[in-house]
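In structure tokens, the next block holds one chain alone, the form predicted on its own.
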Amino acid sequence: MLQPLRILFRPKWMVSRSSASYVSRMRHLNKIKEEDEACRAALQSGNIFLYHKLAPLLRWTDSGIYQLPALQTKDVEEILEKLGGDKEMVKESILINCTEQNEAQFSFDVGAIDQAAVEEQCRGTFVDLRKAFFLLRGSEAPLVARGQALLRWHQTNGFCSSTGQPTQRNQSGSQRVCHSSGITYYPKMSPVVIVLVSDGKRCLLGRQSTFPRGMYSALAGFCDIGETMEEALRREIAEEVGLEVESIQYSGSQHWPFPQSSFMVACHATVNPDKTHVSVDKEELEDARWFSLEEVQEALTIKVPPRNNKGEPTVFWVPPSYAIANRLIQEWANQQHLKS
């Protein structure tokens, strides 16, 4: 029997942030998202994160870390004019969030302007998002992912799927409308289940051929139309590794920008300890196997991708801390410690 889902943790903000300030911020964010004039005003005093062909701008700081620089709108306008662009282009910025001080945050892609010239003006470097995730602090990684996801959605949804006519965005970029058909389009995410399977003493991790050498992760798959999350999870485990899930426990969720925009629903699952034979679907996975607590603990100590040079033994490692797969693995390891 599948056990009911339960929450394994509660986000810190639920206890540490004042309800009044959070409600105020969310209402302010919704106002500038829905009202064009309010959004234009917020853009003038807000912060902008730059991208070049969807690669975010990062800056190396004196303290030896990479930072996601927030530029003032007037500074971006000056850069655009200096490099031969139109400062009015800044109005194409997409709203992504607002700070606790109610300062609006926007993403803006300057892909039409020479990359090196922008980097020189901004004293930064445009970095592929997958690499940027390893360089940024935890709080900045979700922000940069959201910004890229919204920019990509607008770049790929310029026409109505019903009429073929151009769609028009509102000022904040929270929607696009086909005025010919009256259809309103909103940014979408694809639901994905990601699950850490355990037999009580070991956890099951797999890898795809596209993964970096030595990296194993929790198993994941897209939900089919009409499926519940539980049904999708059981099906994916049966398809990919030939195991039947007995119980499920909900852990959390995360937006994930790869390959497009995914909504990751993370769970723990258990299987019968007497039925743990793994039969890998080679069309889905390159490999999947059981790992002991000791192996997992050692992998969790690796904070940056190991070199794994050819000819040398491959080092087993797991996704970094910003990935929800890492949290599932860490939670499992913590639970094993409590048992012992």
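All values reported here derive from a predicted model rather than from experimental measurement. Residue numbers run from 1 along the displayed sequence.
Not pictured, yet referred to below: the form predicted in complex with a small molecule.
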May I ask you to state whether residue 208 is within 4.5 Å of the small molecule in the model of the complex, using heavy atom distances?
-> yes
Consider residue 108 of the chain shown here, and say whether it contacts the small molecule in the model of the complex, taking contact as heavy atoms within 4.5 Å.
-> no
Any non-hydrogen atom of residue 284 within 4.5 angstroms of the small molecule in the model of the complex = yes
Using a 4.5 Å heavy atom cut-off, state whether residue 220 contacts the small molecule in the model of the complex.
-> yes
Considering 254, 251, 171, 167, which brings a non-hydrogen atom within 4.5 Å of the small molecule in the model of the complex?
-> 254
Partner-facing stretch of 189 to 197, 81 to 89, 145 to 153, 99 to 107, counted where any non-hydrogen atom is within 4.5 angstroms of the small molecule in the model of the complex = 189 to 197
